[in-house]
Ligand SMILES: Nc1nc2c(c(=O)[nH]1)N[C@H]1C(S)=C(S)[C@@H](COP(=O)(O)O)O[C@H]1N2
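Single chain ahead, written as structure tokens, the form predicted on its own.
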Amino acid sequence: MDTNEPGRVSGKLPADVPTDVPTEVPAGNRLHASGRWAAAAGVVAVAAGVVAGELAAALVSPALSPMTGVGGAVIDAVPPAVKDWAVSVFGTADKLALLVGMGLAMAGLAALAGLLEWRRRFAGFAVIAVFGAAGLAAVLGRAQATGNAVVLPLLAAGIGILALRWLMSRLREWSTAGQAPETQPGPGRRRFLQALGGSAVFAAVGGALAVALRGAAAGVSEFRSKLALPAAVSPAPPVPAGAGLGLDGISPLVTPNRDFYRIDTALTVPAVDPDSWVLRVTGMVERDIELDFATLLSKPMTERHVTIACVSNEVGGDLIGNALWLGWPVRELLALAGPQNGADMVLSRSKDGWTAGTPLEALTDTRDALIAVGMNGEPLPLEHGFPVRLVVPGLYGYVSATKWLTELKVTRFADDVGYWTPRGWSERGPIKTSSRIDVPRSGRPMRAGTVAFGGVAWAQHTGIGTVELRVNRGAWQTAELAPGISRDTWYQWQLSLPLTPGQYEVQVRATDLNGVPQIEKASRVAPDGATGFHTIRVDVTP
């Protein structure tokens, strides 16, 4: 034969040489290409294991799964500064961001497991085993941990290892046949791709099924949709005339449920069956009490407008809302239990294990602290604590607003701590007087002339006396203050100012009914709430 180019031979092949034999691929290229498929096998195998664990959780441990256990552990371990950053960046989508981040991290480690297993047997299995151990530790650390929940991370890891072993055996069959991706089809390639595709389909379909099965929330939602709330024995006072200013863009006087902020540590919304729900009063009391949902609904209900806020709310932030709440006064339940001398705190516990330490005084004085069952004329939304939550005027949510409430333990600050106190937050969280400019939006160009400013101000459990604005650090000008619904709600305000073309800095401050102005010095949200004047920039054009 004549050789025309290196590696290329002219002429015809002998008749006895089969033409359907795959061309040999250089070993380096084969290893490189197979490594990519090994990484894909690792991702699919781990996904199959995770889905199997979530499916099993839907059947035997709906309150706690490996994923929610790990997610809860991550939330617990995150330093307060990182938590504040996440809330400031993602707002109420912080849970979704966490889930996406967890998924990406798991995918990366799963791909690494596939690569390691391809290069050294059992190395990838060890990575998945670490997954399982981490999941087990996370589940054991949750308040909802049960015997059923404990075995689920081990089950997930075991299925992940078996799936990876199966996929690796198929990939090695393909590789030892001298083939690599993008070469001619062969039986080894076909078997591997069938195994990979089948596992991926299982992960996708199983994941969707797990979501559906774990949607015990669907049944709870149906119960909620049919629930008729009792009428209030003590209805809310009527909203004063003029409380709503009607200024376009200003926060509504009452925040719709769909727009109400949600900040909590629950990775997934707990589905609490009202038929089995029980509230226990324990600790330093003369008598322990258990209260079921039907009994709670039979109690004389109080209805009040109350503004609640998250301690993570930055100056000018939107982690605050006002709603009409329906519930039984906490002081009446605690009076039945009889707090003992020396008690000064109530540790409330959520279905998901979260706790808040509330001053006993705030739950037994004349303020309208409620064991709430209704929000804006309907049963509590699931994400806002259905069937029962706490609402305490005047305190940030981290020390008061326990959702999915299951226990009230009368105790002492010296003996118990709530969830956030060991993480650098103060024991007591009185809401600080503050104000916000809603309109115009900072940086939005405005035409010269009269510019309408408006927003809200709050000093829960004290009330707002005046709201003032100043432009470019000039003299304070008093705004029109609408009558508040009560001292436990925010107030709307407005002020129109003539502005010529230019750039302006506008600040707002509020003073409470006791004559105490809000704090001017800027401080971060930790450890007990942000301070400072909300400041915006206004660009006025001709």
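Start at 1 with the first residue shown and count on from there. All values reported here derive from a predicted model rather than from experimental measurement.
Only in words, not in the display: the form predicted together with the named molecule, which the text now covers.
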_Location of the named molecule contact in the model of the complex, chosen stretch of 112-120, 131-139, 309-317, 99-107 [non-hydrogen atom, 4.5 Å]_ = 309-317
*asked:* Please tell me whether any heavy atom belonging to W404 falls inside 4.5 Å of a heavy atom of the named molecule, as the geometry stands in the model of the complex.
replied: yes
*asked:* Since only the chain is shown here, I'm wondering whether Y261 would be in contact with the named molecule in the model of the complex (any heavy atom pair within 4.5 Å).
replied: yes
*Should S350 be counted as a contact of the named molecule in the model of the complex, where contact means heavy atoms within 4.5 Å?*
yes
*asked:* Since only the chain is shown here, I'm wondering whether Y398 would be in contact with the named molecule in the model of the complex (any heavy atom pair within 4.5 Å).
replied: yes
*asked:* Check for me: heavy atom within 4.5 Å of the named molecule in the model of the complex, for each of R436, T466 and F533, yes or no.
replied: no
*Only one of T421, T265, T282, T364 comes within 4.5 Å of the named molecule in the model of the complex by heavy atoms, so just point that one out.*
T265
*Of W458, F386, W354, W425, which residue is found within 4.5 angstroms of the named molecule in the model of the complex when only non-hydrogen atoms are counted?*
W354
